[in-house]
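Form predicted alone, single chain, as structure tokens, below.
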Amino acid sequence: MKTRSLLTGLALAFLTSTAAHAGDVRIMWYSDGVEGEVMKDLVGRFMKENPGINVILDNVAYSVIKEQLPVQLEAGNGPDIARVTAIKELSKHWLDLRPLVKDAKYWDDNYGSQADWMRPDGSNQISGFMTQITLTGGYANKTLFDQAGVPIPGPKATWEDWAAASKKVQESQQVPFAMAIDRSGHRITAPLLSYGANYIGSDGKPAPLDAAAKDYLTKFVGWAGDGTVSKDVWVSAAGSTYRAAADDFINGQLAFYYSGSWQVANLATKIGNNFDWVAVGSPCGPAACTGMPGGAALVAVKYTKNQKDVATVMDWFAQEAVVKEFSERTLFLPGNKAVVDKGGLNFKSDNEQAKAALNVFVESTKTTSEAALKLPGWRWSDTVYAAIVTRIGQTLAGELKIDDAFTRIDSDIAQKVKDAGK
């Protein structure tokens, strides 16, 4: 009897750790910064307004979201709501909120652009909403540009304009490099799309590298060859390993750095008063002036026993006013269209450069191309990113000629598709 009661107790403990009781709504949440504290405050406010629903906020390490949550979901368990980044990959586990929310049209109007990122292919379900949008974009060392007497290129400036202006600054100010781009397939995809590249074939599978993609990658390799672009960050790692060039920018070694919105707090903290810097959006190509989006989502889990209460919680947190406050307090780019369109976000930071940079990124979300918006919801994106980084990295290291890199990128991707049996 003792053994049996012990096993029953363990089983009960497992279930209560992953699923809420009737009347409870359990949210699994992770934090990169202060958002856990902000969320705790908002949960308290929700419960005052909705005394019949008890929300339990479980703040966990990101590794729990990445490694343990998928295992729980596969077993048909898990929290009622979760904050996740593998939103497409796990989408079969999300609850369809469409028949449950108060106003599905509000959700479509304000969160429709990212709805495909978090629902199964071919479905029109409402799974949740983005707690924040991340967007790639550039940063200029304003002090270096001013000292060199070189005007910072304007909002319609091309990648070539930025390369030329940054090169002038580099030569005048004797800094090691004019420009750097993170060693990341996601990052370098932004200029490829601005040049008109298309990764997705008519059958939904990866298309071979097209002329537009080859055009930009050839320019990029050329800029690395003549010292305009830092190749250090690309040859300092092998395979598809990620490397950021943030430290080079923070240390005043670069005129122009292409990374993303998530760097704002990092730059503000580490640069301090050492020099003036500005966010400048994404340079243009012949087809677009686009950044690459991404982010984290708050999603409802379909194994919940409390669908109605879950929908009430999701409706409340998805409100325009709540999203605006959450974004201002967390320094996140909002995922709500009305909040973006109305502008006027008052980010809660004492750093004026950081506030200005965040507003530039909010503005830049308006020029994100259709092609860029499709990629976070496309199952082969990471495969393409990895192949490009690996082979262009080898080219910059002198191990491959550029044409051979193009051939290898296509064959790497084709092999992955074949291995997946799709």
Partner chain sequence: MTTPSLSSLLLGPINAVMRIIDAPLRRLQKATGIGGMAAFFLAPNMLIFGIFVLLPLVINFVYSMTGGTAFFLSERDFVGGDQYSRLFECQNYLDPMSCQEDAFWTAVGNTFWFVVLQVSLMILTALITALILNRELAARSFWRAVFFFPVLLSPVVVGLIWKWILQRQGLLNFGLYQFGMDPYTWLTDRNWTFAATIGVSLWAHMGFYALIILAGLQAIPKDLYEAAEMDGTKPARVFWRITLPLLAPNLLVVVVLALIKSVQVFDEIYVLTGGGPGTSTLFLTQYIYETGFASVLRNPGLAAAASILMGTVLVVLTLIQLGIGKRGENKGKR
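Numbering follows the first chain given and starts at 1. Just so we're clear, the structure is a prediction, and the values are computed from it rather than from any experiment.
The same protein also exists as the form predicted together with its partner chain; that form is not shown, yet it is the one meant from here on.
- The contact residue chosen from 120, 208, 176, 155 relative to its partner chain in the predicted bound form is 176, the criterion being a non-hydrogen atom within 4.5 angstroms.
- This chain is drawn without its partner chain; in the predicted bound form, the residue among 239, 222, 151, 204 with a heavy atom within 4.5 Å of it is 239.
- Judged against its partner chain in the predicted bound form with a 4.5 angstroms heavy atom cut-off, the residues 248, 397 and 416 are in contact without exception.
- In short, of 385-393, 353-361, 31-39, 49-57 it is 385-393 that has heavy atoms within 4.5 Å of its partner chain in the predicted bound form.
- The closest non-hydrogen atom of residue 98 lies beyond 4.5 Å of its partner chain in the predicted bound form.
- Heavy atoms of residue 243 reach within 4.5 Å of its partner chain in the predicted bound form, making it an interface residue.
- Shown alone here, residue 109 lies farther than 4.5 Å from its partner chain in the predicted bound form, counting heavy atoms only.
- Its partner chain is not drawn, but in the predicted bound form it has a heavy atom within 4.5 Å of residue 253.
- Taking its partner chain as it sits in the predicted bound form, the stretch 69-91 comes within 4.5 angstroms of it through a non-hydrogen atom at 70, 71, 74, 75, 76, 89.
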